[in-house]
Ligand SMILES: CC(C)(COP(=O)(O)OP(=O)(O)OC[C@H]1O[C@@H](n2cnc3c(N)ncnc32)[C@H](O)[C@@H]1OP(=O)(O)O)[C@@H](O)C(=O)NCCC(=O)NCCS
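Only one chain is given next, in structure tokens, and it is the form predicted on its own.
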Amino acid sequence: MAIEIRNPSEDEWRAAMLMTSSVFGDEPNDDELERHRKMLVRERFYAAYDGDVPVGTAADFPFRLTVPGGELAAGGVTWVAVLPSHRRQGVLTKLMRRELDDLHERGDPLAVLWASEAAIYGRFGYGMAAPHFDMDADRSRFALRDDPGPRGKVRMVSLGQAVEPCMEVYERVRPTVPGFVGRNREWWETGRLADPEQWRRGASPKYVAVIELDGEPSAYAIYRVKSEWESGFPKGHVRVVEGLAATAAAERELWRFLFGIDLTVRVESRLDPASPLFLMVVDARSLQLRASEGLWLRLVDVGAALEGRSYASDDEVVVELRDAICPWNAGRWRLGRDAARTAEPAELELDVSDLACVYLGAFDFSRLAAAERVRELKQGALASADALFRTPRPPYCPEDF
């Protein structure tokens, strides 16, 4: 089958987006299509054509991703879809290869994504890089341990008024947490704080609460309420779109507010694995946490990615790296502050997808080795590599795209 991969022309843009939406069972209206046009970059939007018919797509946002010790350019891969009539025919592989080639040529050392189907992306060199918890908590059992009592002030603000305080809190947190991506004002207005009807799925409009401590925004909650009643009693759910706090005290007040919303029985939210909430409450089991793989990461340019992050020790470890999709990465690399290609004997052997799992600090080499995903060639190399890549906290990404 002759499949052509290219950027759609201006006249072809709408048809390609409609094709992608159909794969996910969506039917966007004109306003939704215009919102996507504002957020996507056409030169980073790829369509697979069978003749003049779009049968697959992939795209990426030009992100800045926080990594240990700094930040790097990363393509935020999105809009990946193939028509049912053209699946299992190599279309996705062609799209992925073209996108990675272009990211490499563009100089973006990393690619990140959220997987609609988790089994797909490991074969393209992506690894689980920032897992999180999904919380479905019983509100009636919520109580804070050693509660000092409420602090600060909660302000309810409109979506338009929320941009400044939310940006202020987000930018305080972003440089400190590997896995966060940069957001400009347009991204906040068009994405996180937008509220088209089709996003609600039977719940309320978005509400925004800003928690102020000492007169400054220190946390925010963007949330919806799904109203339910049973035999005359309220059984609503609070659905947290995003909750973020800059300090432990602000985190406590954030959850105090969300668990205090009347007419509800459950609080549903994504939770940072480093959140102190699990240890702040009297009954941690009532939070009902479920682990999810979260953000996936791909090292597009291993050399630039290794140079762009910091290291926790002065050790050096040589790895033999496999990369079947991006052959320019394959070979021996010295890990550490003087990261570079080397001809020295390898001490560890692994795939590029496994290196992605440790890159932001979610896992260590020893844990991967226990799962038979890293092979130790020299005794002590696992411990040295673990020490090199150790981070003060696990990564987290609050942004899905």
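None of these values were measured; they are calculated from a predicted model. Heads up: residue numbers just count along the shown sequence, starting at 1.
Quick note: we don't show the form predicted in complex with the named molecule, though the next part is all about it.
The listed set T264, N329, Q89, Q288 contains one residue whose heavy atoms approach the named molecule in the predicted complex to within 4.5 Å, identified as Q89. When you look in the predicted complex, the only residue of M167, A115, M128, V157 with a non-hydrogen atom within 4.5 Å of the named molecule is A115. Contact between R123 and the named molecule in the predicted complex is found at the 4.5 Å heavy atom cutoff. In the predicted complex, at least one heavy atom of A119 sits within 4.5 Å of a heavy atom of the named molecule. Taking non-hydrogen atoms only, V23 approaches the named molecule to within 4.5 angstroms in the predicted complex. In the predicted complex, the named molecule sits within 4.5 Å of a heavy atom belonging to V80. Residues placing heavy atoms within 4.5 Å of the named molecule in the predicted complex fall in a single listed stretch, namely 89-97, out of 309-317, 89-97, 159-167, 200-208. In this stretch, 251-288, not one residue has a heavy atom within 4.5 Å of the named molecule in the predicted complex; the partner itself is omitted from this view.
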